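The chain below stands alone, shown as structure tokens; this is the form predicted on its own.
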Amino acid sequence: MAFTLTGGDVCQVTIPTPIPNPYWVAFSPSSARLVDIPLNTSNLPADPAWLNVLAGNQLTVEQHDFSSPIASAYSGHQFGVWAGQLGDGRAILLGDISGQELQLKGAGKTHYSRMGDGRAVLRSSIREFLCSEAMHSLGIPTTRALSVVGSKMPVLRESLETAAVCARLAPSFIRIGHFEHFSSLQNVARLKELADLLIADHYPQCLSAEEPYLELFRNVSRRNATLVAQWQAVGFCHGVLNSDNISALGLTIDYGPFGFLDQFQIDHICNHSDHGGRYAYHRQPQIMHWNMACLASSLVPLLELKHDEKDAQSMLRNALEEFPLIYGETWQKLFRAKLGFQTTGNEDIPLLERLLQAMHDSKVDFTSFFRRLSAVNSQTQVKDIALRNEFIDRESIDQWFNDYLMRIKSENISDTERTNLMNQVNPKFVLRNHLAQTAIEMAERGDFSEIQRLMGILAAPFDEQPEYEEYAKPPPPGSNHVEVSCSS
């Protein structure tokens, strides 16, 4: 259900600012079916009025009335520093549609825009659209993207660009920052109202718990621990894991300077604004844990309704310690599956760590290596494994492959079955930055065909799709350093 808390300390009614001459850039039939929007033979909404609604130019369509859109306040920590009140600076929640919240990103200024213009640009909107749908197809919890609507209206970022509005869907857009907001204001009544809303709509199992708010924290923490393990397993880097960018439902949200790993570097930084590497690939689990600590701190006042401060803090601290355990268990399970292990061996994790270190040292392509690993036959000779040519230290990787072959021989499973299982968890296709950049450059020239092509490919990331073999390859020389900043 939509964010139902009302009042100036929570949200403001915000009417989108129209854009001139809107046009379709991208549309997701899959997301449209999720919210029961009828489509025509071109896989666009049958009612053409949806174009103006998703552009922010009108508020009613078919049976839907979005006449009370809102932008909400939240607070948070940005790059580890308390930033105070933030809020939906360029996001406007239109309302509910078939159990999902429909939000426009880039539809103009809100009460919380501060010095911003409330707009989004074409390149960032295309990136969010493509990655949202790609992550969904990878089986990773995420907000969904419904559409991108463009306009020739100029928007100034690092250079002059054109405007776009991205429509996105989620069961709820409540963030950790919403809890931090009311906690920082010592507004326990609003904090309780928010927690009760989240429990009623999304965590009803907490109602029967002896400590419902403690159980709420555990559930949110578990989901985000699992989420970040899933990111690591596909080599996804979020880029800006500020506490206000963390979903209370454990969804991937706020796609900005994200990136999938090409050459594996454990300390890869995908956001060129992240000068200290706070949100580097290897730090994502630690930072998500830190964000859960922010949530725990925010919930202390609710536990103090029944307990003294010391006991409330102790209960939440103990619950917070579950995060690394859940993350670790999930991470190990996911990477064992990537290696084709259906059983658990004592040397599995050291074997994996040796591989990741070797991949880091030789800058081996993350996605293609694990995909190609599935083709290794347990009866082959190490010298005949083509993948060894990707590594600089041949002696070390040969020893690794020798140990790996011994390990997969210990599995009571055929090579064919192992290959099929590995190919179900190791994607062949991910949204590499150079692919997204090509689609953006074509779109800027008015050609949206590459967006459609990528949508189709990324909708089946585990399939072979031999006709699109080029899209599975690492970036060509000179194109693997696409820089992306927070303004994206």
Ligand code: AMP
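For every residue, the number given is its place in the sequence shown, counted from 1. This one's a predicted model, so the numbers in the text were calculated from it and none came from an experiment.
Not on display, but discussed next: the form predicted in complex with the ligand.
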* The unique member of Glu133, Glu101, Asp274, Asp254 whose heavy atoms fall within 4.5 Å of the ligand in the predicted complex -> Asp254
* Looking at Asp117, Glu193, Glu417, Asp96, which has any heavy atom no more than 4.5 Å from the ligand in the predicted complex? -> Asp117
* Does Ala170 make contact with the ligand in the predicted complex, using a 4.5 Å heavy atom cut-off? -> no
* Hey, in the predicted complex, does Arg157 get a heavy atom within 4.5 angstroms of the ligand? -> yes
* Using a 4.5 Å heavy atom cut-off, state whether Asp365 contacts the ligand in the predicted complex. => no
* Contact flag, Asn245 vs the ligand in the predicted complex, heavy atom cut 4.5 Å -> yes
* To do: Determine which one of 293 to 301, 226 to 234, 365 to 373, 85 to 93 lies within 4.5 Å of the ligand in the predicted complex, judging by heavy atom distances; exactly one does.
  => 85 to 93
* To do: Report whether all of Trp24, Ser31 and Asn43 sit within 4.5 Å of the ligand in the predicted complex, measuring from non-hydrogen atoms.
  => no
* Can you tell me which residues in 49 to 81 come within 4.5 angstroms of the ligand in the predicted complex, by heavy atoms? -> Tyr74, Gln78
